[in-house]
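Below sits a lone chain in structure tokens, taken as the form predicted alone.
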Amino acid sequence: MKNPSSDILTEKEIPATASATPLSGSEAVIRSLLEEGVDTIFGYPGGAIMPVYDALYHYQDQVNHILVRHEQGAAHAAQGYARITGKPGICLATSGPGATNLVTGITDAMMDSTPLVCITGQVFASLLGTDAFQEADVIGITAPVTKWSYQITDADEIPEVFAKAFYIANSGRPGPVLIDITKNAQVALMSKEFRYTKCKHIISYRPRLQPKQEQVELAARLINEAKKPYLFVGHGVLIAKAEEELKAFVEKTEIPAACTLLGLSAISSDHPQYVGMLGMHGNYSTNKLINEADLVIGLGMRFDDRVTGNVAAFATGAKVIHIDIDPSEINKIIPADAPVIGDAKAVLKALLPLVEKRERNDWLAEFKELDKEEYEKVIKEDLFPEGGQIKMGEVIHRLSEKTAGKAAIVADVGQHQMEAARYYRFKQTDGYITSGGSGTMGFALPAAFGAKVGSPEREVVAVIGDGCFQMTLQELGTIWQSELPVKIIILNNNYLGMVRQWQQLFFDRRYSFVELKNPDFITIAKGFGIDGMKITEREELDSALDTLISSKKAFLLEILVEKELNVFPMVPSGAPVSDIRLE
């Protein structure tokens, strides 16, 4: 697919344009990345991007290029890197299929507010629109799923466009940008001296970080008047690095705080004000009591349908404060009585001196009472089963204990994702990385690798289902070649588990094409030079997890789990959150 046979001109073959410093476009690309402090690129070479790769050859001591096995893997690895470091992840790919293979990851990054700078090669400008070999309109394809995309056809544009791209990707609500560079722009010499100035503002793009004082004062007044306020903590808190301000806020106000799926680890699971996870498979109390609150505070979250259920029946007795850096999220789904536009850290800092110290023991006790019910009907059996096959929940519970809640869990999509979110006790920030908005199967293996690249000192554990694993398993080759100790757990139930659960509950148990005949995952891992182990019995679980954690190299642990396990609690799709089911 990455045939390099398209017309390739070397710098010697291209007539030099007038330039005091004859820097090629491809070298200008690398120099621009270095100016932005880029130290890692996830990429895959091919014909239309070869000049950039040729320039990169001379900078190997300054930039670590990681050769993935598929461009989708590059995008997810860059996401994992960005999510754990807070810096933009960089992808490099060729034109046509190389570029379109990035699209799933770009879309995922857009949904989950993850900064990426994606660079793609393109055919010569003179061939654009001619259906040239490996030509694809990647700007048109990615326009709906990027914050900004731009096609460079002149080498002189490169420094300014790159500076804009990094600024847009990592400011305001972060997201992916894409720069498409025609081959003539890569190989031509710049006609002027290379100068790089970091972008600090764009006239037509001005994200507001500091909130308006009148918005903060109205929000503070509603908080001080509320008897049963309820705080929803979203991904925006982690993006803004506002964990300390959040802790100070909840400790002063004693407002119960629940996290969205992507907000997990913004507050320690052990904090007395933390009441659990929101959403379709969140905790019983956190969903059930939404309609008991008289004030809902959405902090760095977007009230997506997995949190609200039936919007008409959501928070029916509550006023709403919506704090978000993206004004387009305000009133999009849930009308806000008090919108506050701004960065979560800045807003919390502004709110802290205005909110009153309160005790809310009675309100918190209502959560604890419902928690008892969930424990008896769901958690007890999930974590401490007395027989039967191994359950996903007990695996996550023991993993949490053995890593003291400090690992970065990178979960794929499905039942294992929800069980990891529910039962890992997060004690360290940026502890849960998953595909939230897009729900992209195949996310976890490359994203875990990217997270390990970004944070090599931290234990990174990929939690993956058997279906998801087979979507991007070729990235085992990337892990092997990198020699990084990424830990991988496959929770294997030989089903596309979440789809099967829905077919059982809502389609009269008609299991339509969800059962998997799986390969020997351990043999596959060993084929990639990665040690592995498969267990089927509960008695083996502790020692197997110890082996996984203590390994100094990448390790794959396959655990055969209960085949028809269902994840509860559950809010049926489109139902009110108060209809959450425990069984």
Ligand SMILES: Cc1ncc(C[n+]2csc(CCOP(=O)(O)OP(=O)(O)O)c2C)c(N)n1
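Each residue number is its position in the shown sequence, starting from 1. Because the structure is a prediction, the values reported are computed rather than measured.
Keep in mind the form predicted in complex with the ligand is missing from the figure; the text below concerns it.
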Pop the ligand in from its pose in the model of the complex with a site C-alpha superposition and tell me open or blocked, counting ligand atoms that come within 2.4 Å of any backbone or C-beta atom (3 or more means blocked).
open
Counting any non-hydrogen atom inside 4.5 Å, which residue from 103, 330, 220, 413 sits next to the ligand in the model of the complex?
413
Residue (of 495, 124, 148, 284) lying close to the ligand in the model of the complex, criterion heavy atoms within 4.5 Å:
495
Report yes if any heavy atom of residue 467 sits within 4.5 Å of a heavy atom of the ligand in the model of the complex; otherwise report no.
yes
Does the ligand come within 4.5 Å of any heavy atom of residue 141 in the model of the complex?
no
Residue 202: touches the ligand in the model of the complex, heavy atom cutoff 4.5 angstroms:
no
Looking in the model of the complex, any heavy atom of residue 86 within 4.5 Å of the ligand?
no
Since the chain is shown here on its own, which stretch among 109 to 117, 436 to 444, 333 to 341, 242 to 250 would lie within 4.5 Å of the ligand in the model of the complex, judged by heavy atoms?
436 to 444
Those residues of 282 to 310 with a non-hydrogen atom no more than 4.5 Å from the ligand in the model of the complex are none
